[in-house]
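Just the one chain here, laid out as structure tokens, in the form predicted alone.
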Amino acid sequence: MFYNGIERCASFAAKATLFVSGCFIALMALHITLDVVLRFIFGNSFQGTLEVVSFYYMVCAIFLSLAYVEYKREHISVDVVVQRLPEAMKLPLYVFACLLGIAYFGMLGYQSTLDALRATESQETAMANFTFYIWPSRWALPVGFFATCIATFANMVKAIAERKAL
């Protein structure tokens, strides 16, 4: 029962953040394509394309997709040593690694939340030829990091329930 609730929560968080990340990738592709076409045909382009791509699309595409990658266990892992360990040691080591991951992403989420609050309060802008607010994109980091914590926790609970390292 507990595991099913955690699994559903992690699945929802991972898929929702992946969907939003995919939307930002599609917007980035559309924005850049339109910018290139306008520049090629009319010799003029959108103002601020570089800023929007750098501060919004790229940030959201990267950080919001982290949870899905963790949920599907597709992060890069080097387990040359772990493969040689006895089966009895693999699960405790996996649980320990998950706890470290949760602590790491939790600290990143906490600090990025403080940074996002500070940026929102000050209405943070980037240097450009116009007023360009970047504070909204600061919120992608804590959302992505905390969703990754949920996915890591769900994977850990699944490993414990199956009594097998994932």
Partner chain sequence: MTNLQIGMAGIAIALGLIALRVPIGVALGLVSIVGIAMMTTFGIALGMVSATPFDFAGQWELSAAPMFLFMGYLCTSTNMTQGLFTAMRLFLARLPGGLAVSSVIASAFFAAASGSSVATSAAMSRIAVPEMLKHNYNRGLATGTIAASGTLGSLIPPSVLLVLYGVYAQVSVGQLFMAGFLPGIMSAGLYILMIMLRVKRNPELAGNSAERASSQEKIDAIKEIWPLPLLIGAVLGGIFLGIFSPTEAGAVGTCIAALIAISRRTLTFAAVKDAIINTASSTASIFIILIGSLFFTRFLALSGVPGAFSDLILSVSTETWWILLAVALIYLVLGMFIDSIGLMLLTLPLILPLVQGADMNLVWFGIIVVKLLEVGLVTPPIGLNVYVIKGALGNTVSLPEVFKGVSWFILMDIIALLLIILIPALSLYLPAQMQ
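Positions refer to the first chain, counted from 1. Values in this document were obtained by computation on a predicted structure and should not be read as measured data.
The same protein also has a form predicted together with the partner chain, omitted here; what follows describes it.
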item	value
The partner chain contact in the model of the complex: Met58, any heavy atom under 4.5 Å	yes
Non-hydrogen atom contact Ser21 with the partner chain in the model of the complex at 4.5 angstroms	yes
The partner chain contact at Glu87 in the model of the complex, heavy atom, 4.5 Å	no
Contact test in the model of the complex: Ile32 vs the partner chain, heavy atoms, 4.5 Å	yes
The partner chain in the model of the complex - contacting residues of 69-102, heavy atom within 4.5 Å	Val69, Glu74, His75, Ile76, Ser77, Val78, Asp79, Val80, Val81, Val82, Leu93, Tyr94, Phe96, Ala97, Leu100, Gly101
